[in-house]
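Listed next as structure tokens is one chain, alone, in the form predicted on its own.
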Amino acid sequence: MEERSKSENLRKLLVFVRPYSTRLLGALLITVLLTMAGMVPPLIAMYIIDTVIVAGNWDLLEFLLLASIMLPLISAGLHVLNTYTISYISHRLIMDIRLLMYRHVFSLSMKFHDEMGTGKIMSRMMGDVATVRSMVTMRILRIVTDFVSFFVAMGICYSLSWKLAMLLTVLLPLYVFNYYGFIGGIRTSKRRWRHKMDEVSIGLQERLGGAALVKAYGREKREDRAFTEDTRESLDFAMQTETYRASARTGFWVVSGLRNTLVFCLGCYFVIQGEMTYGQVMAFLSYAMRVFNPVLNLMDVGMMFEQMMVSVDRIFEVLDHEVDIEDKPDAVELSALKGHVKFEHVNFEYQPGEPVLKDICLEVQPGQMVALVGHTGCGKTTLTSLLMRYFDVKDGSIQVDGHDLRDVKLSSLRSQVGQVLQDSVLFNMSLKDNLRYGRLDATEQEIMDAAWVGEIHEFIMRTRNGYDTKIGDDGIKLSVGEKQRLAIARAVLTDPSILILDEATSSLDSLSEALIQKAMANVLKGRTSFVIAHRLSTIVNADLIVVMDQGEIVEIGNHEDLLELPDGKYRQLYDHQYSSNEVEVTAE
């Protein structure tokens, strides 16, 4: 099963190589020529010793010396051309694989992202792809060189002395036995090391991302110990791999030492017996190395191949992941939405047997503002994620304007549904480019109008370059509230028919929140909106307040109606918040 999987992955990998097959064949041809040229110097040395020095035929010396000078010059030129060709192929190959992985990753559902995590995905896209690049390009040429060297050198050795050549043939199996004695350990320890490095990468990302929290709680030493422990474990696995490899190489060199001693001693004996000349013995020693060195290299390549296959497996672990949220072949294009949303007996679970939403029934008329409230983990954010079709329902259906979400094109749905999350994501680009991220054709005036609505225009105008000011690592730093207001303005600019605000104002101070609420009142007119509120005071004017508990809807109504229920969940939440001034009552 493993071998079949390995061959399947290799066939898939060749798909990336095929567009460059012509260039690669040209490089292989040049490689063969370079290898053959490298076989000539020992023959030239043999003729200089036997024909020129020993036999006294000095007329050939000028030609042999000229050949010795010209051969490296010609080889150097071919080598430069070959290096450029292979470098081009390798860089294009790595770019093609990464682009495909990048596009495929963004076609996968949020479940994939949640389960694999950013650290593992980045490790596969960067480290594993680089490993494959080295093996598929440079190592292919090395393999060709070694094969040509082995067979040509072996043929020359047999022509010089079949007896010594037979000795080489007898010694060759020792290399093979040595290889198979260590390859299993190398493969296992390498897989363990890569798995541990994934864990180290994820932990490092979390610690760096939470640097402020680490400092705030004085946990620098604790995190240092944890990171040290993780890296030491990875070091142990890495050293296991290197120990196996070093042991294998030691075995190779022991056999090589035995070979050199036997060939030299027997060669001297054959010279004494008149079966060989001094030049032939010297040439044979040189070609013997060219027989065994390719075998050593090929064994090394075999080890690297095993390591590469670990990377290939990890790459196709991503590429072979099925797209579970995609358009049907007959999916329809949504026209301009009115905003009629209907949840019919919706059930959903992230893990089998662990329901998150249970029999959700909710109908929202166009233009209504719906507030979702409830304790942490009750399913509010999951409900809006289903509306964005980040996931598909297990049972039931969600309809917009009478269309089941599974029957419409994703692009036409998401282009008409705006979303502002609690944790705003901004990119290292200008303020203007961040604002128009969801609508690239927006005019300058439309961008400014959206910024006014988001209460961010005045702040932007105070920056050095206004809307062209860059943010991020090479630009200005924004506060949490400024990021949130920028995200609100970005969503407003797309003019969505349905707007989702998931704790959108939770990071704002009271004054900014009041200003935004006033501005958003105009924005929400005529469009359906789902608001997950941090403060209940922000949703008192909602048309519908949906109270959720443990994945179920337990109450529906407006603010006044729900307050009249003395033992109602909403009344309890409201009284609790205003009596104790606790902030995080409905956060999810």
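Bear in mind that the values here come from a model prediction, so they are computed numbers and not experimental data. One rule holds for the numbers: they count along the sequence shown, beginning at 1.
The protein also exists as the form predicted in complex with a small molecule; that form is not presented, and the subsequent description refers to it.
- Just one listed stretch, out of 269 to 277, 376 to 384, 123 to 131, 182 to 190, contacts the small molecule in the model of the complex at the 4.5 Å heavy atom level, and that stretch is 376 to 384.
- In the model of the complex, the small molecule stays beyond 4.5 Å of every heavy atom belonging to Q445.
- Interface membership of Q351, defined by any non-hydrogen atom within 4.5 Å of the small molecule in the model of the complex, is confirmed.
- E458 falls outside the set of residues with a heavy atom inside 4.5 Å of the small molecule in the model of the complex.
- The small molecule in the model of the complex is not approached by E333, whose heavy atoms all lie more than 4.5 angstroms from it.
- Proximity to the small molecule in the model of the complex, defined as a heavy atom within 4.5 Å, singles out one entry of E322, D114, E229, D441, which is D114.
- For the options V356, L93, M309, V263, the one in contact with the small molecule in the model of the complex, meaning a heavy atom within 4.5 Å, is V356.
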